[in-house]
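Read the single chain below, which is given as structure tokens and is the form predicted alone.
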Amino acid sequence: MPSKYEELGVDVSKKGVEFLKKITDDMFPEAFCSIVKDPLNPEWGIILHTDGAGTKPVVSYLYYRETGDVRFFETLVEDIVAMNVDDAACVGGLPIAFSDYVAINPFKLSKQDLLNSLAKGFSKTFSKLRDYGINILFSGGETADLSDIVRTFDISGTVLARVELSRVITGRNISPGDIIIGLRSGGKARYEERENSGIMCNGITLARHCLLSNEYLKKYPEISSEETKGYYGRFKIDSFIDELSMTVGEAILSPTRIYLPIIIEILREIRVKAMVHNTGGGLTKCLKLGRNIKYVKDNLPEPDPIFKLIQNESGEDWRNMYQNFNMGVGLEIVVEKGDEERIINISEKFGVSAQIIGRCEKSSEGNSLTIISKYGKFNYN
């Protein structure tokens, strides 16, 4: 079935990116993110990785306009930090420095309110990481007033990380018989302040359009493109949903979990074969790693309530849901059979639930994925 997400102008397969990949100096093009050789030390690689918070800023803008509350500007910092440092960690990279980029339409919101809130967010987030021995330098960034280009505001970040080339996690040696462990995206980690809906930063465009009332679009036409269907949801941003145990706005804006403290401890003890941060592409993200591997995920956890709500309200096909969203599994780790319990124990020590979600088998023609769930059996390649 056509994806409701795609109808809103989002291409989860990121067609066209291959043209840019052709001109990179990436040493390991099959790895989770790009690594280039350190010109000052040939035994090390550099990771310079950029990512954003998706369209979460639209929802935080709406929350601000409706309530005057700036707290959801602050939590966007956790999103952009997580989306960058965890991606870099998936290839074994240790983050060193971070910078941000903020583009704003100053006619729509107060730049001082936004930047003051973001500054508090960066201070909190990096302080929390220091508590776990992770020292990331905040090296500033760029703020641009772009009223002719940006409807509300956007935020992204860039991380600089390093990895010893002999220890790069490429996914090349994924083999039939390897085990896939999934770490939950919802709940509350030991180092987090509140319960998380698990949504992370992907699928937000579909979530906000199908959940939030069209009244908001009438009040704030800048929160959607005129080419799309518009908002068609039943809920206000402060509607409390019992199944979510939070408001709709809080669920959509739950910050992306930072897995870095867990990843670092795992890498100290175990030589993993691959790590997959389930961002764009959801549970199909693993297809980019390994060669001639059939990924079978037949023991997935029950999706968090936010995903069921989105599916019910949008009518999105379950097959597309597993491709659009992380569906409750934020990070996957592939290891040899026998190492799975150690990883699960480390994750749960941090308060993050983890379980075996599947295995790797041999594929005759490229990589493939089979998801077997109570919502159906779905094949991807």
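Since the model is a prediction, treat every value here as computed from it, not as a measurement. One-based numbering along the sequence shown.
The protein also exists as the form predicted together with another copy of the chain; that form is not presented, and the subsequent description refers to it.
- Taking the partner from elsewhere, every residue among V58, D100 and S147 has a non-hydrogen atom within 4.5 angstroms of another copy of the chain in the predicted complex.
- Between 250-258, 91-99, 300-308, 172-180, the stretch whose residues reach within 4.5 angstroms of another copy of the chain in the predicted complex through a non-hydrogen atom is 91-99.
- This chain is displayed alone, yet in the predicted complex one of I136, I237, L289, V272 has a heavy atom within 4.5 Å of another copy of the chain; that residue is I136.
- Only one of T228, S127, N214, S245 comes within 4.5 Å of another copy of the chain in the predicted complex through a heavy atom, and that residue is T228.
- Contact check for W44: a heavy atom falls within 4.5 Å of another copy of the chain in the predicted complex.
- At a distance threshold of 4.5 angstroms between non-hydrogen atoms, K218 is out of contact with another copy of the chain in the predicted complex.
- At a distance threshold of 4.5 angstroms between non-hydrogen atoms, E348 is out of contact with another copy of the chain in the predicted complex.
- Not displayed here, another copy of the chain is approached by E222 to within 4.5 Å at the level of heavy atoms in the predicted complex.
- With contact defined as any non-hydrogen atom lying within 4.5 angstroms of another copy of the chain in the predicted complex, the contacting residues in 93-122 are I96, A97, F98, S99, D100, Y101, A103, N105, P106, F107, K108, K111, Q112, L115, N116, L118, A119, F122, given in sequence order.
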